[in-house]
Every structure is written in C-alpha cells, then in structure tokens.
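Only one chain is included here, represented as structure tokens and corresponding to the form predicted on its own.
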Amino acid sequence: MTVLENASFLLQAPGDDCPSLERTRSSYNPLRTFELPKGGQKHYQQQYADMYFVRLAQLKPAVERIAEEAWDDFEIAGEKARRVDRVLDVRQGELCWVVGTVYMDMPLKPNILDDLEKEHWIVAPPPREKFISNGQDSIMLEDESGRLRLAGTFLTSRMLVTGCIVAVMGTENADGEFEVIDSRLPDLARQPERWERDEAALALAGRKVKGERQPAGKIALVSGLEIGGKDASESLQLELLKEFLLGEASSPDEQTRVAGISRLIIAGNSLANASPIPSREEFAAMKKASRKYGYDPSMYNASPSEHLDAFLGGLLPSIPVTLLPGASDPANVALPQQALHPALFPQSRSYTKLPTEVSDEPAWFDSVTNPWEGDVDGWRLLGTGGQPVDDVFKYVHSDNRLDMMESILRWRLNAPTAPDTLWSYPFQDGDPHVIKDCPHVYFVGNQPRFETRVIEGTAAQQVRLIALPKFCETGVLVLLHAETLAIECVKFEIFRKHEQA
C-alpha cells in the first residue's frame, strides 16, 4: 500500500474513535556463541593454523559418517572403495576415500607480501572482484599429515572454497593427483525443535513449561542503513522507515498490521565509511600539520553515529532492536565482530544492559556480535553482516548468493574462508564458526538484492534463507512471519529531482 492510497486517512481531522493498539510481544533468547574473552584473556599469540586443525577435528566425524553410508557398497570393476585415515596414506591406483580440508591455490588471492609491496607502488591496483584465474587455480586437500592435489571434471560441478571440510573418493593417477569421482559434505546439522531451548530453560529453572502460547507476530529485518549524515534524501528515507515501524504514517488497518511487528533486527553497515582510513603518507602529513585543540571535523565526524542514535532512540520506546555490526561500522574488523560499544548511543544506551548487571534477561536494545545466533519466538535464527558470503563470492564462478548461503550451511561453517582471506580471531580450543545447530532462518545482510529460498536437509530440516539488500540503495524492509516463516517485503521510495527530470 502506498502513501497516496492512505491519503484519505492521513489528511483528516483527528477523531475520538482511534483504537488503542498494543505491540505484539517478542520472545527473545539470544546466544552468546561469538563473544570473545575480555581483557587479558584475549590475545593473538597463538598460530592461525590451529584453527584448521580444530575445525577438521570438529567436523571430520560427521563427514566420515555420511561418507561411510554413501560409499559402503561402492565398487568399480570389483574393487571396493576403502577408507584411508590420512591424505598421505593414499596409494596410486587404489580406489579409496579420505577426509580433509580444502585449500584453493589461487594466484590472484591476496598475499601479505603483495601488501608490503604496495607501499612502494605509485598507484595500487584496484581490488579484484574474483580470485579466479583461467587454468592457474588448483584445489588441494590437506590434513595434519600433508597435502594432496585434487583433479577431475567432477570438481567443476561442486562449489568449494578454502576451509571447508569434505570427503573425496577416487584414485591417485600417475601424476600424483587424486582423481575425484565423488564427494560428500557435512550437510545440515541437527535442527532443534521450535521452543526447544526456551522450554528446556524453563524446566531447568523449575518453572512450568508453557503449554499454549500466544500467536507470534512478525520480525522486521533490515540491512545497510549506511547513515553518513550528508544526504538529505537519506534522512527522509530513514524517517519513512521509522514512521512505518511506529505506525505513524498509515491507515488504521495498516497500523493494526504494523502492531504485529515484534522486533527489529539490523544486519550490519548501519554507518557509512564517512572517514576512511588514511594512507601512511596522508597520516604522516596529518601528524606534521599544526595541532588543533578541541573538536576537529577533519579527524572525526560524529554526525553519522548521532543520527543512528537518534533513529534508534525514536524506535526503542515502542519496539525492541537487535543490532549487528558490519564491515563499515566502528567495530573490530576480524570476525567475529564484537558488539558496538554503548558509548556510541548516548540516547539509546538506557535500553541496554549495564556492564555490571548479571541478569540473564536480554536487553530491550541488544547490541550483538557478527555473526549472531539466537532464538526469536522459538525459532533459531543465524545471521551475519554479509562478509562471509561476499568472500565466498570471490572464490566461485557463480553469482547466485542463495547458492553460496546454502553451501555455507551444508559446510556447517559460518566463515569458511577465515582466516585465509577473511580476517578472524585466532581460535585455538574450538572454532565457533562451526555450525553446531542448524538454524530455522539464515539471513545475510548487505547483499546486491533481496532473495529468499527454503532448503531442506536429509533429516527433514527446513531453513529459510534471506539475502537482505542495502536499505540505503533499495529501501527494502523484510518482514518475517514468526508463525509460518513466510516473507513479506515493504519498500520505501522517495522522489528525487533527477528522477523527475
């Protein structure tokens, strides 16, 4: 419904028959899977290679179980495929299968030595959209014993990236390459039942498990607000979004529908890169310049964070908000990105949990990590700001973002290419990027366009995939019906002068 269709309701005198609406309550139970240690417990002294070994140890049993079921009776010319424990145990001419970590050897991938050489370039080369090169890329399978080069036309039909754990079956040829004839992935993990975790928590607390629950409402999802504080049309578009969520710019029927929106989730890039990081030469020139006392707008522009705080402050009295950071937000670059600091939100931080508060109750304004997972209205939700999918895009020929999202779930890895080409904290005891429970909804922010799909697993799992576009470019807000997981889109458009010309 457009504003013009609502004009007869908006342009009239206020009456006494205005209904009193109450917003649908949201059942919210977040997980703290991706929170890093605090203070001195967080350090970067450990090796990144440990992440691959831990990841392989976590996922290898699941892959082996699936491969054994698939290839238990597989034979070629009377020879039965046998399992080998390590990649170095593969023997030439023997039909076998082995589990390992994929490594993509691609000359166009970023290299730390190239980054050092950039300091001496007059003009650095532009960033590459893809790492793919014709005929120069190769696929390796490695474990703690060594590395094996994979070959065969079968590989062209599989989406593989560095870091994913797979089982491959074939034989080693005379060139020392492993000719692959089939492969298996970990596939979707176990999917919890709806309300499973919430009811378990009630039972452990000795409280009565709720039998009949109130019908759930809708979950609003948006991404890429990219507030920069420069464009007037940007402020107008945000104001339209706020008025819609508050029910201030719609008819009585539309207000009743909006009252069913129980929570807003913002999936990354809420702020634009208003102040890019200067180069080494620019930074040296800034240090030599005369010092200025007080506020210096050339060094720091507070306008974007102030506008975001005002936007959230207008919403929070009415609707709870979950905020994920993104690539352009003032958070740590390495995944998992930690929650945006409450000091950025002087108006909204009264709705957050105090650092000294020990209660397990979630805050009305929950600034969370990226990636993030939690239970909303009983469903398990998993979401990111978009960096893992954007990085997978560089490895593969396909441009289909939903296929990449599906592959990420079937690999059971939130960030498969970390830490190779995606910065990550060097975990040592366990990789939290391994997906232990299959979500019911998987959303990814800052994608080129809105897309959605429902995928299924071998154990009757069903997952709703949602690719969220940038709101600043598309004006799209996605509504997820919390009872049926159906999708509804609301688009906000403004008329610009160049469009009218």
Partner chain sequence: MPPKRRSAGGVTGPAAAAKSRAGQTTLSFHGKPNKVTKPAAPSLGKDAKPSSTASAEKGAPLVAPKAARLSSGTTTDESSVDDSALASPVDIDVDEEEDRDQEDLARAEQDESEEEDEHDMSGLSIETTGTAGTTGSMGATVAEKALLEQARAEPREEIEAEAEKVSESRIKAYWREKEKARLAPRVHQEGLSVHEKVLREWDTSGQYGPCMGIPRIKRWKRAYKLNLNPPIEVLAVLLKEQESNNRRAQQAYIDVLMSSRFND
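Computed from a predicted model, the values in this text were never measured in an experiment. Residue numbers count along the first chain shown, from 1.
The same protein also has a form predicted together with its partner chain, omitted here; what follows describes it.
Asks: Counting heavy atoms only and using a 4.5 Å cut-off, do Ile227, Glu306 and Ala310 all touch its partner chain in the predicted complex?
Replies: The answer is no: none of the three residues contacts the partner (heavy atom, 4.5 Å cut-off).
Asks: Taking its partner chain as it sits in the predicted complex, is Gln58 in contact with it (heavy atom to heavy atom, 4.5 Å or less)?
Replies: Flag for Gln58 set to yes.
Asks: Counting only non-hydrogen atoms and a 4.5 angstroms cut-off, does Phe53 reach its partner chain in the predicted complex?
Replies: Yes - in the predicted complex, heavy atoms of Phe53 and its partner chain come within 4.5 Å of each other.
Asks: Would Ala460 show up as a contact with its partner chain in the predicted complex if we use heavy atoms at 4.5 Å?
Replies: Answer no; every heavy atom of Ala460 is more than 4.5 Å from its partner chain in the predicted complex.
Asks: Looking at the partner-bound form in the predicted complex, is Asp429 within 4.5 Å of its partner chain by any heavy atom?
Replies: Looking in the predicted complex, residue contacts with its partner chain include Asp429, since a heavy atom lies within 4.5 Å.
Asks: Sort through Asp390, Glu199, Glu239, Glu144 and report the residue having a heavy atom within 4.5 Å of its partner chain in the predicted complex.
Replies: After the contact test, the surviving option is Glu144.
Asks: Heavy atom within 4.5 Å of its partner chain in the predicted complex: which of Arg65, His43, Arg32, Arg449 fits that? Just give me the one.
Replies: Looking at the other structure, the residue within range turns out to be His43.
Asks: Where, among 24-32, 441-449, 43-51, 471-479, do residues come within 4.5 Å of its partner chain in the predicted complex by heavy atom distance?
Replies: Selected stretch: 43-51.
Asks: If you look in the predicted complex, which residues in 248-266 sit within 4.5 Å of its partner chain (heavy atoms)?
Replies: Counting only heavy atoms within 4.5 Å of its partner chain in the predicted complex, no residue of 248-266 makes contact.
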